[in-house]
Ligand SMILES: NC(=O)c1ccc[n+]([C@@H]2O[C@H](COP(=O)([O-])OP(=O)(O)OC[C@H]3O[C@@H](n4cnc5c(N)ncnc54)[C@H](OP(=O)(O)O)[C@@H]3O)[C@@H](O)[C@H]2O)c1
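Starting off, we have a lone chain in the form predicted on its own, written out as structure tokens.
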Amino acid sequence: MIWLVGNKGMLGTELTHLFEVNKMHYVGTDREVSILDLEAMRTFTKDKDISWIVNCAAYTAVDKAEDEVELCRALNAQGPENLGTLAREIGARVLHISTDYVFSGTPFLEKGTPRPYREDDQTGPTGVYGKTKQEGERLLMAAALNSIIIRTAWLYGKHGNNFVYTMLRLMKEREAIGVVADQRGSPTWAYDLASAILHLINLPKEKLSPGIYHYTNEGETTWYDFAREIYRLGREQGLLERDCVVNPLTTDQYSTKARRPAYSVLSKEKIKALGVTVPHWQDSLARFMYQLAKA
């Protein structure tokens, strides 16, 4: 049986749908079983034969985290450690979702050109959110050595607030918007990430080595060009009925409490070697926008 923790969020809802379509034996929980309460978790699992714990629960409000340090650390570090402790006790494996924010945002260079972050590259988070996610990775692996960690970035999807929905709303309301053009990363459709997770947990145990893996959609872009593509597809699909000018901004022009990584591109070679499909971000965005239009 799979225990899906955080089943009501963007990724958790996608996984719930995939588990049901594929007739997976699973149970999902949200806040009714707190990952901060180890005894409650033990009580919940004592009559269940759980082989996988998939953790989609996290504190993800990057700016608020700068003021809510303890709560952020509890959910992003203590929670994964508790899940690792429980998994070790009941003989299960944890698959935990982490983030590009564990890196500094300063890329490593090869022949003077930025290269995607690899799983074993040195981390260097700059804000509370990234630091607590990094700590969660370390504490989980210390508690349960056979765990799987998937770092992802720039996630969007059907369920919950995300960049695509925000851009569509602003483009409907305004004649012009400004979007940061000096931060690079890879937009990632939650459905694709959920599909990758399903692939991994269905692999034979001996083929899935413990450790860290990266998954985002293929390719890279800026938030500005991501927004321009959302606008183009929105007009094409009839989701936007009027013109809106998308203007480029610098990070300095769009101040936030927590610093965003200037570079967030992740290498996917390790996970692709396991047979995981990685669609290009533009193809996945087009599919997502088509589904929105049909809905």
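All residue numbers refer to positions in the sequence shown, first residue = 1. These figures come from a predicted structure and were not determined experimentally.
As for the form predicted together with the named molecule, it is not shown, yet the points below apply to it.
*Asks:* If contact means a heavy atom within 4.5 Å, which one of 242-250, 51-59, 255-263, 227-235 is the stretch that engages the named molecule in the model of the complex?
*Replies:* Selected stretch: 51-59.
*Asks:* Even though the named molecule is not shown here, does it sit in the model of the complex so that G6, G9 and K133 each have a heavy atom within 4.5 Å?
*Replies:* The answer is yes: all three residues contact the partner (heavy atom, 4.5 Å cut-off).
*Asks:* Just to confirm, S267 within 4.5 Å of the named molecule in the model of the complex by heavy atoms?
*Replies:* Flag for S267 set to no.
*Asks:* Contact between T152 and the named molecule in the model of the complex at 4.5 Å, heavy atoms?
*Replies:* Although the named molecule is absent here, T152 would touch it in the model of the complex, with heavy atoms inside 4.5 Å.
*Asks:* Can S147 be called a contact residue for the named molecule in the model of the complex at 4.5 Å between heavy atoms?
*Replies:* Judged by the heavy-atom cut-off of 4.5 Å, S147 is well away from the named molecule in the model of the complex.
*Asks:* So in the model of the complex, is the named molecule close enough to D100 to count as touching (4.5 Å, heavy atoms)?
*Replies:* Although the named molecule is absent here, D100 would touch it in the model of the complex, with heavy atoms inside 4.5 Å.
*Asks:* Check each of L200, L75, L86, L139 and return the one that places a heavy atom within 4.5 angstroms of the named molecule in the model of the complex.
*Replies:* None of the others qualify; the residue that does is L75.
*Asks:* Go through V69, V27, L38, V33 and name the one with a heavy atom inside 4.5 Å of the named molecule in the model of the complex.
*Replies:* Flagged contact: V33.
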